[in-house]
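Read the single chain below, which is given as structure tokens and is the form predicted on its own.
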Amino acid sequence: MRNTRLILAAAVILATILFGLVGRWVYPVDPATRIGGRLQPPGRGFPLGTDVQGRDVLAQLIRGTTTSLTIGVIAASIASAIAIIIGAVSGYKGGILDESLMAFANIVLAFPTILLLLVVAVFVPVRSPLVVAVLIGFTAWPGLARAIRAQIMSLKEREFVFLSRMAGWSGEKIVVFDLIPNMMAYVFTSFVVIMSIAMLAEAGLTMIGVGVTQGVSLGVMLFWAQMSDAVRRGLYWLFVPPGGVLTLVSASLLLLATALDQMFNPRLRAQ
């Protein structure tokens, strides 16, 4: 409770989640329906104005925030699951299997996500948030996998692992019940970081036309603001709300990761 960074970051993230989940009930406006004039500035009836198609910006922001958070959670979950499996197997087994898995990780690490999405964009012109989240998740795991591998290689030489082997535990059981639980603090911290990266990646990819095309996300809102030349024309209500929420959430997630690292790391906790 004395960790102010943890409290601040958690409060901002919780408020953002509530904004996205509760907001659609408090402000039940369809973000895809034209309900006003084009490019109306914030005012009576439209708290955040309307976009180039006459759609309510606040309704889009509420729905887009939920979508972007969902993309971050799904992508981080997929990346973490793959990283745990590959990193744990590689670090515990060693040998040719270790070299093969790490070679595969290096290939994925060097392969830009944008190229994969460019290929997908050719064959899948309509891309849902789920599709984009899965693609980001399948390309975001190598860094975490390498870190988990390094920790597994260190932990498997500890005394408690030798005791488990003497008790007749199989390698799989040792990895699942002895090694992985000892890394969950680090994995959770990395999950938060990947979630932030995934949200930013979705926004960047969507803005250049290879991300989400179905539904509303913060990236989609920024895409339409870009197409409307909002910055040059002074249409601040088109880019400030989604950009502000994306920046706030991403910064809060990184702050949360720093606070968790300090909480779980005895050396940092002592400072």
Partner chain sequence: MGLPLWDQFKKFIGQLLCGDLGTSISMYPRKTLEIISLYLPWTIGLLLPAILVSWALGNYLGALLAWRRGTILDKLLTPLLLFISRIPFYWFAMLMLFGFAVKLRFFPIGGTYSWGLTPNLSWHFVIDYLKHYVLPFCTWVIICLGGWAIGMRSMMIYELNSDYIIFADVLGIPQRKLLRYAFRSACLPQITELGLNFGFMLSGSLLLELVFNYRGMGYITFQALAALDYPLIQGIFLMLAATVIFVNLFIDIVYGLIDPRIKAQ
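These figures come from a predicted structure and were not determined experimentally. Positions refer to the first chain, counted from 1.
Another form exists, predicted together with its partner chain; not displayed. Remarks below refer to it.
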{"item": "In the predicted bound form, the one of I85, L97, L115, V134 near its partner chain [non-hydrogen atom within 4.5 angstroms]", "value": "L115"}
{"item": "Residue (of L130, A121, V176, A185) lying close to its partner chain in the predicted bound form, criterion heavy atoms within 4.5 Å", "value": "A121"}
{"item": "Contact test in the predicted bound form: I208 vs its partner chain, heavy atoms, 4.5 Å", "value": "yes"}
{"item": "Contact of S250 with its partner chain in the predicted bound form (heavy atom, 4.5 Å)", "value": "yes"}
{"item": "I78: touches its partner chain in the predicted bound form, heavy atom cutoff 4.5 angstroms", "value": "no"}
{"item": "In the predicted bound form, Q226 touching its partner chain (heavy atom, 4.5 Å)", "value": "yes"}
{"item": "Heavy atom contact within 4.5 Å of its partner chain in the predicted bound form, the stretch among 29-37, 65-73, 229-237, 50-58", "value": "229-237"}
{"item": "A103, R149 and M195 all contacting its partner chain in the predicted bound form, non-hydrogen atom within 4.5 Å", "value": "no"}
